[in-house]
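Have a look below at one chain only, the form predicted on its own, in structure tokens format.
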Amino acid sequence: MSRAVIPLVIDTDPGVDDAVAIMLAAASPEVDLRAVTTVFGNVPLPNTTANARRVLALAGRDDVPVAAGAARPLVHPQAERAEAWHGDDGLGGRASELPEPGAEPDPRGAVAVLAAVLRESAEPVTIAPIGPLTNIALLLAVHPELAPRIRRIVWMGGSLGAGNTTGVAEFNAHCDPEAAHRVLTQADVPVTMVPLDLTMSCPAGPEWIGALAAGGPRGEALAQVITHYRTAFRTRYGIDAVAVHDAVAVLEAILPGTLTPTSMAIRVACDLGPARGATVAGGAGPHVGVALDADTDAVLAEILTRLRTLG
């Protein structure tokens, strides 16, 4: 018996690894990609929205609607962006080399489009946020009646160990801690959190990137987008590889059970001190499935195999 197709929305701030994740979803027949919504994050919202549209055009999926969402965090200004990692345009300086997108962004905006997708779907929808959680926090606050229409939220973000923005905070959590706390401490929708602890354990090296580039013109274009990010990763960590953080989370959304979760309560530090944005395990409250284990070689191989089908 064939597996039922999963309705999916990706909420994203492209971002190089976001581009890999969007392409992965486009290459996966197990999901029906209903929409891509955008949020501020790696670069400002106009860039993330344009980048999402260009990546979908590269994947041959101009049919997927794109809607722009939050341009800033819920409460405090964004403390840090990630141009050093993703380039000034968010796609490693290669955004202008990708195909021109088709339709304009949906004028209703991200939260309205998310709500419409949930209402119109015959079955619950998986949401994969791979950036700051601002749009998702707003959706849950404005439309609590739609929580039962969400199958689960699979978020790439957080860290139980070292951060990548501060010593304790991962970038997506640090961008909007209040939104992350809102989503991770609610009991209405199941959440799987895919933290740095896991995504940093499966970096894609030169052979992986070379195989992606050799897979066809789309793979070659995506490999070129990765180049700046690869250089930044080598400078920071001293290894020639890239962490495809967001693609790991999206693979779990596509193939539930790919990652092994540990159930625990997660709180997010929302003070303005040095711990701001830290995702802290323990205490009372609803539990989140924190993905801390996986066959990382198999994860990377599966992502690559799927991307290469795009040609």
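The first residue of the sequence shown is number 1, and the count goes up from there. Here the structure is a predicted model, which means the values were calculated and not measured.
As for the form predicted together with beta-D-ribofuranose, it is not shown, yet the points below apply to it.
*Asks:* When beta-D-ribofuranose is placed as it is in the predicted bound form, are 17, 86 and 172 each within 4.5 Å of it, taking any non-hydrogen atom of the residue?
*Replies:* All three within 4.5 Å in the predicted bound form.
*Asks:* So which stretch, 241 to 249, 57 to 65, 273 to 281, 254 to 262, is the one near beta-D-ribofuranose in the predicted bound form (non-hydrogen atoms, 4.5 Å)?
*Replies:* Of the options given, it is 241 to 249.
*Asks:* Under a 4.5 Å heavy atom criterion, is residue 156 part of the interface with beta-D-ribofuranose in the predicted bound form?
*Replies:* Yes - in the predicted bound form, heavy atoms of residue 156 and beta-D-ribofuranose come within 4.5 Å of each other.
*Asks:* State yes or no: in the predicted bound form, is some non-hydrogen atom of residue 164 no more than 4.5 angstroms from a non-hydrogen atom of beta-D-ribofuranose?
*Replies:* Looking in the predicted bound form, residue contacts with beta-D-ribofuranose include residue 164, since a heavy atom lies within 4.5 Å.
*Asks:* Are any of the heavy atoms in residue 196 no more than 4.5 Å from a heavy atom of beta-D-ribofuranose in the predicted bound form?
*Replies:* Flag for residue 196 set to yes.
*Asks:* Even though beta-D-ribofuranose is not shown here, does residue 42 get within 4.5 Å of it in the predicted bound form, heavy atoms only?
*Replies:* Judged by the heavy-atom cut-off of 4.5 Å, residue 42 is in contact with beta-D-ribofuranose in the predicted bound form.
*Asks:* Looking at 91, 130, 110, 136 here, can you tell me which has any non-hydrogen atom within 4.5 angstroms of beta-D-ribofuranose in the predicted bound form?
*Replies:* Contact residue from the list: 130.
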